[in-house]
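So this first bit is one chain, no partners, the form predicted alone, shown in structure tokens.
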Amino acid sequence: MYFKLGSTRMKRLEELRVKIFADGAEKEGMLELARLPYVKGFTTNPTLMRKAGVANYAMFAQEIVAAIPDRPLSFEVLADEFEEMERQARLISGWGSNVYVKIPITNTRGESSCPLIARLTAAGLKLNVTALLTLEQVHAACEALRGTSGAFVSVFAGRIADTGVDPVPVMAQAVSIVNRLPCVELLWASSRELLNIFQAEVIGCHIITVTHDILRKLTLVGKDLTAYSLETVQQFYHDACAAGYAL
């Protein structure tokens, strides 16, 4: 069973080079996904945690670290002032050797986080520089990450697409920039559909974060479209009957 993108034959799911990270904050769902061999890491953020009803940030994060000690886990700082970001980053980093600290590319006033990123990199912290949407930000983040032993640069491709811009060319250029640093990986963030996994694969992106809902659609990869069309017709018909609709 193969997926095709244009005229390019895609590999089987288990043969993909791009690493799939699950994006979410529901503990039960994360532990379920941790049993899947193709899920190579996990990311979350305060918005997802709030949506999931997480009450205690540190307690939740440390429970996840204890339950999933063998794959990268990304947790974000909560502060807006750089001095406090630095304190929180060092605290979060101490939760586990597989923890990557998410540092936003700017604070809420648009001030660059790159000096802080450079300091934390020099201190040996593993970072996930997050919320990037421009190639200028990718260049700046990579410059600040020079000398890192491991870091992610998260470009929010889905949010780029939300503005009506095709994110694929942007992400392809970002791959070229990030590949200049041996220990930095480009992460395709805010994926919107399953197709994004295969788009990321084609351009050589290192990682893609995928929500739990999208991951559930992986069973559809390679599905016969004629059969899928019939199932769609059947679904609409049965739902209309179940609702008791009549004309």
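On a predicted model such as this, the values are computed, not experimentally measured, just so you know. Numbering starts at 1 and runs along the sequence shown.
The protein also exists as the form predicted together with erythose-4-phosphate; that form is not presented, and the subsequent description refers to it.
Annotation: in the predicted complex, residues L48, A189 and T209 each come within 4.5 Å of erythose-4-phosphate through at least one heavy atom. Contact with erythose-4-phosphate in the predicted complex, judged as any non-hydrogen atom within 4.5 angstroms, is confined among 56-64, 197-205, 214-222, 38-46 to 38-46.
Among heavy atoms of K102, some come within 4.5 Å of erythose-4-phosphate in the predicted complex.
Although the partner is absent here, F156 is a contact residue: one of its heavy atoms lies within 4.5 angstroms of erythose-4-phosphate in the predicted complex.
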